[in-house]
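Just the one chain here, the form predicted alone, laid out as structure tokens.
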């Protein structure tokens, strides 16, 4: 089977070579993608002698930035010009902090079962990303003191390998616990929250008031938002 270079690039984004760490290749023009791959192979060759992979990582990060950089001639429809920021009413060291992430975390035994499917795999979530993008998100409630080995994550829109190795990559509960123990924040809400952010933005707006009311019941002073 013959394949164009454009088809090759696009195959990394929910295609035959799906690897969400490299789906940015779909957004790069052919010339930029080809130069990235040329330099990537060059740096791999250098690593044979140096053993230093930092240049490879830097190259990939720079290419991701280029691939995801917004086109100034195509304004995003998700740009918001005003935000309901509110000043703190007391020092952070006396405040109760909550956590809301779009990382897709949930507690073992409390699977949100997207589309009614129990134990959906990460691969199936990636394969059904277009369905997630049309559906309302499911908010998961995660106990603050849940053991780390009871945390689960599923998200069709990003590569979860890093967060599976360390959940704090996208669900920074331990960082909040450390801040509390050192006195930098006053307390942490007993209920933490997460949902898969690859979802219908309009439906998030519809659900947001109910979510906010739920968190208001937790008497949260500050809510840490972690987008993924």
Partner chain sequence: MSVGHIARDIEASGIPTTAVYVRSFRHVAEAMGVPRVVSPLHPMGRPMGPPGDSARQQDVLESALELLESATEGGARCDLEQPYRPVGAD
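A quick note: this is a predicted structure, and the numbers were derived from the prediction, not measured. Residue numbers count along the first chain shown, from 1.
This protein has a second form, the form predicted together with its partner chain, left out of what is shown; the following refers to that one.
Indicate whether the candidate residues 57, 201 and 225 are all in contact with its partner chain in the model of the complex, with contact defined as any heavy atom within 4.5 Å. Yes, all three are in contact.
4.5 Å heavy atom contact, residue 34 and its partner chain in the model of the complex: Contact with its partner chain, no.
Heavy atoms within 4.5 Å of its partner chain in the model of the complex: does residue 25 have any? Answer no; every heavy atom of residue 25 is more than 4.5 Å from its partner chain in the model of the complex.
Should residue 16 be counted as a contact of its partner chain in the model of the complex, where contact means heavy atoms within 4.5 Å? Because no heavy atom of residue 16 falls inside 4.5 Å of its partner chain in the model of the complex, the answer is no.
Although its partner chain is absent from this view, report whether residue 158 comes within 4.5 Å of it in the model of the complex, heavy atoms only. Yes, contact at 4.5 Å.
142, 153, 100, 125: which sits within 4.5 Å of its partner chain in the model of the complex by any heavy atom? After the contact test, the surviving option is 100.
Using the arrangement in the model of the complex, list in sequence order the residues of 153 to 178 with any heavy atom within 4.5 angstroms of its partner chain. Read in sequence order, the residues that approach its partner chain (within 4.5 Å, in the model of the complex) are 157, 158, 159, 162, 165, 166, 168, 169, 170, 172, 175, 176, 178.
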